[in-house]
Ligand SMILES: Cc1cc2nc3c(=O)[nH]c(=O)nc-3n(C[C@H](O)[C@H](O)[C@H](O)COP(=O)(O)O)c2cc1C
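The chain that follows stands alone, in the form predicted on its own, written as structure tokens.
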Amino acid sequence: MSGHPAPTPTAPPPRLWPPQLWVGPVGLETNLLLAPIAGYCDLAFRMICREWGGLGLACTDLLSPQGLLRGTATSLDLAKTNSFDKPIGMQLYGADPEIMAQGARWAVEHGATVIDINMGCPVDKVTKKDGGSKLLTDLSRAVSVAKRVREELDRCPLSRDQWRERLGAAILKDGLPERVPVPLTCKIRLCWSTSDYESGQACSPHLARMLADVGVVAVTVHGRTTEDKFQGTVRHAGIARVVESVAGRIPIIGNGDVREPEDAVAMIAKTGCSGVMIGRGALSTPWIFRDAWSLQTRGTVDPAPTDSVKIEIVRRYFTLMLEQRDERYAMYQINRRISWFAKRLGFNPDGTRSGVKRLKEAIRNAKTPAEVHSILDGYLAGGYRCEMEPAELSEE
């Protein structure tokens, strides 16, 4: 019942391209990152993505520094990690420099490999507290937050033994002092207002340079404005402007609309960015990092997992949630996550899909973990595949 898809290991090809992505002193195994998606990047999901390979750095969900410092159950759960979940970025949101600095120190003391400041979240409950992308409307405040966090990180450098515990497959640069601070990164959007972007007044190129000036070692740019939220298409030209503006001082990581391996390669080609952060595209395709890395390094993509393997991904995620949280929370999560997992299920040669709608409905109506496992077993046995529906009708 608890088996999970274990991809067949293959010898890595000689690495000729792309060049290694360095986040300050940390060299990542690949140039692909899992975005900190609010409500979705729990430890269980990060482990699933890591098991498939190709992931250079994963980030926690957005973390409230106040919650971390108070020790609230929700914040502590969102920050939960383990020895397999390395290297790990912990992303903080807020606008008070001192509170953010103390939250960063907490994160360092609890296993962070990288600290990231969220300057890109467009959600009202974050921006109304002056955090997230609201910082794009006050660049001096944004920079003061980053500067204060950088100062605090410099006060709590890690020993080599501490670094070994949190690098995973990443490496530390040669020739560094005995104690090395954790690097600081930021995630931003192009600007707040779409009209500002369209008139050539996006703040992101200027902000990226200012952040580099105060010790930020990499910036991720989501290629939309705050007003765009997640509508429309990613603006590659906007990310390219940021890449051009920093002139190689720090790596710029592109983000937005990466749903297929080819999208990651196109992001790099169109923007000149050094790496790609993938968010929503990973929720239905946790093997996308494996495929995007393979496409970059070998020029090919392995065959997609079969439906039976995809079902075992769902089962693996559910089992991990039961182990890491409790039954009630695991049931809640599988109920809301099945729509994402099912997006890649059930496709037939004629373009229709079989049984996916029934599978999702059954999972949502399940009352116990045993029922969830029984439903997954039923789908594998063909019991949910008697109905056929057009592919577009089963998407949500």
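Predicted model, so just to flag it, every value in this text is computed and none were measured. One rule holds for the numbers: they count along the sequence shown, beginning at 1.
Another form, the form predicted in complex with the ligand, is not on view; read the next lines as being about it.
**Student:** So which of G275, P261, G103, G256 reaches within 4.5 angstroms of the ligand in the predicted bound form, heavy atom to heavy atom?
**Tutor:** Only one option qualifies, and that one is G256.
**Student:** Find the only residue in R280, K270, K86, R209 having a heavy atom within 4.5 Å of the ligand in the predicted bound form.
**Tutor:** Exactly one listed residue reaches within 4.5 Å, namely R280.
**Student:** With the ligand left out here, work out from 37 to 45, 23 to 31, 360 to 368, 327 to 335 which stretch has heavy atoms within 4.5 Å of it in the predicted bound form.
**Tutor:** Correct option: 37 to 45.
**Student:** Indicate whether Q91 is a 4.5 Å heavy atom neighbour of the ligand in the predicted bound form.
**Tutor:** Answer yes; at least one heavy atom of Q91 falls within 4.5 Å of the ligand in the predicted bound form.
**Student:** Given that the partner is absent here, does S75 sit within 4.5 Å of the ligand in the predicted bound form, heavy atoms only?
**Tutor:** Output for S75 is no: heavy atoms all beyond 4.5 Å of the ligand.
**Student:** Do Q296 and the ligand share at least one heavy atom pair within 4.5 Å in the predicted bound form?
**Tutor:** Outside the cut-off, so no.
**Student:** If you check in the predicted bound form, is N118 within 4.5 Å of the ligand, heavy atoms only?
**Tutor:** Yes - in the predicted bound form, heavy atoms of N118 and the ligand come within 4.5 Å of each other.
**Student:** For the heavy atom contacts within 4.5 Å of the ligand in the predicted bound form, list the residues of 236 to 250 involved, in sequence order.
**Tutor:** The stretch 236 to 250, when checked against the ligand in the predicted bound form, contributes no residue at the 4.5 Å heavy-atom cut-off.
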